[in-house]
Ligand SMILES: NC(=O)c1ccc[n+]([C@@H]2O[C@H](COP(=O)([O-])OP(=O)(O)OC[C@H]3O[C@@H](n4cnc5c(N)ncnc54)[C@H](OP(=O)(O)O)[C@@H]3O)[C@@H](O)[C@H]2O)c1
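Shown below, as structure tokens, is a lone chain in the form predicted alone; questions about how it binds or moves come after it.
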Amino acid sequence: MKAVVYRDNGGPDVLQLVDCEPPVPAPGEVRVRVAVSGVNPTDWQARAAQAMAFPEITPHLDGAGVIDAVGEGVDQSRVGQRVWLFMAAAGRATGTAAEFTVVPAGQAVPLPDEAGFDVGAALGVPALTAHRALTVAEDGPRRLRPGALAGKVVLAAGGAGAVGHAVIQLARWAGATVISTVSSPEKARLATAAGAHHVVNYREGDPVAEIRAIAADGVDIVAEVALGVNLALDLAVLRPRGTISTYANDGGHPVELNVLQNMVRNTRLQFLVLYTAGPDVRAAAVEDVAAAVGDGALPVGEEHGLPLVRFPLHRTADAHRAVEGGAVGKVLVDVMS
């Protein structure tokens, strides 16, 4: 089979396309013929700087394809099942940038026939992170379903990004009123296509007044991608006992907190990352995201607010460069020809 590997940390040029033997699923594992591999910032960050846990690593956490073999203890009826994968390369050497990969059976989630492989490859990190962001509020639900966020106002910062896009879609599916902040008219168009009820360009006019006009009592949950840049805006629109769910700090700006201001407001500032969220939390997120996919609530493509930026397997290094460069939309690697 063909696979992309790296044997040392560094820039995208360390990625090599090689021929190797397909992996064999161990007990409790499935082998998946990968159709589409999804690329996330964590993939290039691991390649660039994370200590090498294996002599050779195939990158990428997310993907979609078809199970073609199962290990001992896994139901044989799963062979031929369409699936989406998450955290494939987490603590393992076999990510999804390959024609075949192996994962624990629970990390290969059934993908409905009506959902394409592009949808499956775009789930994983973005959708599970979005679920976590929407389920950590003190006064909010721990699980998502239609109606779970009814009466709540969610602010999706950076609604044109992959996680912001998933926040909009999941929050809307769960019944919230969704506001998204964006930096340009083009990104406003994408956030609207994703399903945001209201879109605010934070570079124009008075974004605090615009958001407060929509949510007079304040926003319940902010899903934040750039905390250092946006904290003042977030606090200006957050209701008492509201939650800022932070999954990134794009721009790297330092964060300074006014402790008394946040004490008086009873602010909840929740940092989150999937790796340490815990298995029960991840399992709940997978179940809820799968239900949303089944309801058709997580479509992708430009017409749904998430442009797809595609590369063939042999250009995986270019796919990494695109993500590092801040490509708008979801970067995918087409594996199955």
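Residue numbers run from 1 along the displayed sequence. All values reported here derive from a predicted model rather than from experimental measurement.
The following text describes the form predicted in complex with the named molecule, which does not appear among the structures shown.
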query: Option touching the named molecule, based on a heavy atom within 4.5 Å in the model of the complex, out of 88, 196, 162, 121; finding: 162
query: Listed residue that, although the named molecule is not shown, lies within 4.5 Å of it in the model of the complex (heavy atoms), from 111, 238, 225, 174; finding: 225
query: Contact at 133, 219 and 261 by the named molecule in the model of the complex, all three, heavy atom at most 4.5 Å; finding: no
query: Region of this chain that lies against the named molecule in the model of the complex, out of 289-297, 25-33, 38-46, 307-315 [heavy atom, 4.5 Å]; finding: 38-46
query: Partner contact for residue 283 in the model of the complex: the named molecule, 4.5 angstroms, heavy atom; finding: no
query: Residue contact check: residue 99 to the named molecule in the model of the complex, 4.5 Å heavy atom; finding: no
query: Contact test in the model of the complex: residue 210 vs the named molecule, heavy atoms, 4.5 Å; finding: no
query: Partner contact for residue 242 in the model of the complex: the named molecule, 4.5 angstroms, heavy atom; finding: no
query: Members of 249-281 lying within 4.5 angstroms of the named molecule, judged by heavy atom, in the model of the complex; finding: 250, 272, 273, 274
